[in-house]
Every structure is written in structure tokens, then in C-alpha cells.
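The C-alpha cells that follow cover one protein chain in two forms, given apart as structure 1 and structure 2.
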Structure 1
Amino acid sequence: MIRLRNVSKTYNKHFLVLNRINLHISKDEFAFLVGPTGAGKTTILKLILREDLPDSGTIYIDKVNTRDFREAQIAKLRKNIGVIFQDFKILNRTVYENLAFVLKIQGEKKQAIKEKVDYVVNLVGLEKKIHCYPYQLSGGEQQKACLGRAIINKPLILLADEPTGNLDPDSSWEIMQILNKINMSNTTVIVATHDKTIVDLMRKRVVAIHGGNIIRDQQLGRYHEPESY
């Protein structure tokens, strides 16, 4: 599904973020990217999304080199990738309107939009909050809305950048359980996180990054404290 081969990335000509890394994420896999701030976790997500290009090396999505993508291919790629962030990037509209927004732009019919939104709000547990605005939602509920919007098109890949960073432990666990459900419905999930407790509880694949290098790649892995890097 996703393959990075000898990928390097430097910012400002001096700061080496990734150093010839090799990484393969299989279809329908769930993987955590862990490591200290500046290790390169978010950079990997941006490269997969084709928001940025590597200085050297190649990135393949479904065996196609993303460097060769034309604009139409990039747009199609992003339609098949859902993204959620730490900082609740939702519109100042109701949950329903946030989820329906992209579908309306794509020209979906009203009934199809309703069916898709109803399915997603039930999946993320916001069926009782569907007509609420962001200020009426808790932090966990806002993140659920972000998650719902990211999966409204049933993407093949879901990228999550610190999705529990601003949440309490109970809300964090709810978000991870939803991500697990999404993964089980044939979506590849990649989560960049500092949340040691969540990683240790989930026991999924853990890819640890430090100093621009992958230092550990472990199935059923644990976080490990930064001091052990």
C-alpha cells in the first residue's frame, strides 16, 4: 500500500529530518509512529499525503511513485486519504454541516449525503450531537467530528497526527477505539503520537523514529520512553 525507499528530507538546508529511511505499510494495517518532537513523524505523514516531496528517495502509493503524480492524480490521492490533527480543525457549523460539506462540494445528492452522514455519526458516537455547533461540544466530541469528516468518503488510508494530544485519557481511549473500528473496515491507519499509554494499550505495530532514523519497527509493540532511544 505505502512504501518509502531511502527517503531523506532536510529543512532549511541544514536540519536533517529523515535520513534514508525505508518503511512499508501494508494494506489495512494499523501502525503508530512514535518518537521525540522533531523526529520526523509529521514529515512522514506530509510526504504520504504529497504535501511535500523528499529530497531523495521514492514514495510509492499502490506501487505508483508519488513524485510522478500530476495534479489530477494528487487530487485523487487526497480524496482517498483522510487526515485528522491535534487541533480540531472543524468549521464553525453543526456536526451535520461539517460532515456534509465535502460531499456537497463533490455534488452528492441530498439523500446520499444524509445516509453517509447518518452512518458516520453513529460510527463515531455523535448521533445525539448532530445538530450541535463546536462550542457546544467537548474536546473529545470535536475530535470525533474531525474524525467523522476525515472518513466521510471512506478513504483507503487514514493519517492521524497527534489525535489525542489535547484530550483527557477517557476521550483519548474513545478516539483510539473508533480508529480501531475504522481500521477493521479495511482502512489503513497511521497514527503519529506521543501518547505512551495509548500505544501500550493498543499493542499495534510501532515504528520508533529518532534522529531521522527508524530505530525500531515492532509488531504488537510498546512506546518505550524517549530516554531509551
Structure 2
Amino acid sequence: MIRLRNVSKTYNKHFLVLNRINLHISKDEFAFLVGPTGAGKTTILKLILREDLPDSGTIYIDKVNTRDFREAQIAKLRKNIGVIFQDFKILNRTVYENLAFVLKIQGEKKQAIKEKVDYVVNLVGLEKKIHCYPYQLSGGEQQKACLGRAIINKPLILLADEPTGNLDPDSSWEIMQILNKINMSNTTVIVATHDKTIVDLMRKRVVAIHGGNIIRDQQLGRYHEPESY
């Protein structure tokens, strides 16, 4: 599904963030990207979303090199990838409108849009805030809105950057259950996180990044090396 081959990324010419990374994530997999602040987790997600290109190396999504994508294909790719951004990136509209927007640009009918939005808003537990603007929402509620927007399209891939960053433990756990559910219904899920508790509870694949390299990649993993437990 997603393959990174010898991917390097430098910011400002000499600040090396990713150093010849190789990573393969297969269809329907659930993987955590962990690592300290500034390790390059968000950068990897941006490269997959084709918000940016690597300096060298290639990224394949469904066997297509993202470098070969034209503008229309990028738009199509993004319709198949749901994203929760670390900084939310939510439109200055109501929760309903934010979710509906994703469907509107695909030309869905009003009735269908309403049904889907209502369903997802219930799923993430925002039914009481459906007509609120972002500034009327708490950080955690904005995060839930982002999750709703990311999954409304039943995407093939779900990229979640710190999806539990602003949530209390119970809400965090709820969110992870939703992500799990999405994963069960044939969506590849990649979650970048610092949340040790969640990673340790979920026991999924863990890819640890440090100093521009992948230092650990294990199934049923934990946040830290096994010997430290």
C-alpha cells in the first residue's frame, strides 16, 4: 500500500530530518510512528499525503510514485486519504460544514451528505456541537471534528498526527477504538504519537524513529524497547 524507499528529506538545505528511510506498510495495517519531538513523524505523513516531496528516494502509494502525480491525481489521492493534522487545519466553518465540505467537493447529494455527516458526528461524539464554529470548541472537540472529517469518506488510508494530543485518557481511548474500527473496515491506519499509554495498550506495529533513522520496527510493539519494561 505505502512504500518508502531510501527516502531522505532535508529542510533549509542542510537540516537532515529523514536519512534514507525504508518503510513498507501493507494494506489494512495499523502502525504507530513514535519518536521524540522533531524526529520527523509529521514529515513522513506529509510526504505520504504528497504535501511535500522527498529530496531523494521514492514514495509509492499503491505502486505509483508520488513524484509522478499531477495536480488532479494529487487531489484524487487526498480524497482517498483521511488526515488528522497535528495543528487541526480545520476550516473556519461549523463542524457540520467542515465534514460536509469533503463530500461536497466530490459532488455528493445533499441528502447523502446529511446522512453521512450525522452518522460520523455521532460516532465521534460531537452531536451537541454540530453547529459550532472552531473557536467555540475545546481543543479535544476540534480534534474529534478532525477525526470525523478524516473518516467521513471511508478512506483507504488514514493518517493521524497526534490524534490524542489534547484529550483526556478516556476520550483518547474512545478515539483509538474508533480508529481501530476504521482499520477493521479495510482502512490502513498510521498514527504518529507520543502517547505511551495508548501505544502500550493497543499492541500494534510500532515504528520508532530517531535521528533521522528507523531504529526499531516491531509487530505487537510497545512505546519503548522491550528490555526497558
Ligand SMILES: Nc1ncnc2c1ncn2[C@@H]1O[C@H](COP(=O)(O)OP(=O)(O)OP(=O)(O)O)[C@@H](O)[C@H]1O
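The term rigid core refers to the maximal set of C-alpha atoms that superpose within 1.5 Å between the two forms. Just so we're on the same page, residue numbers count up from 1 along structure 1's sequence. Computed from a prediction, not measured in an experiment: that's the story for all the values here.
One of the two isolated chains is the form predicted in complex with this ligand, namely structure 2. In the two-part rigid motion between structures 1 and 2, Leu77 and Arg5 are assigned to the same rigid part, each C-alpha being placed with the superposition that fits it better.
Note on conformational change between structures 1 and 2: two rigid parts, with the smaller rotated by 19° relative to the larger (from C-alpha fits). Aligning the rigid core between structures 1 and 2 leaves the CA of Asn98 offset by 3.3 Å.
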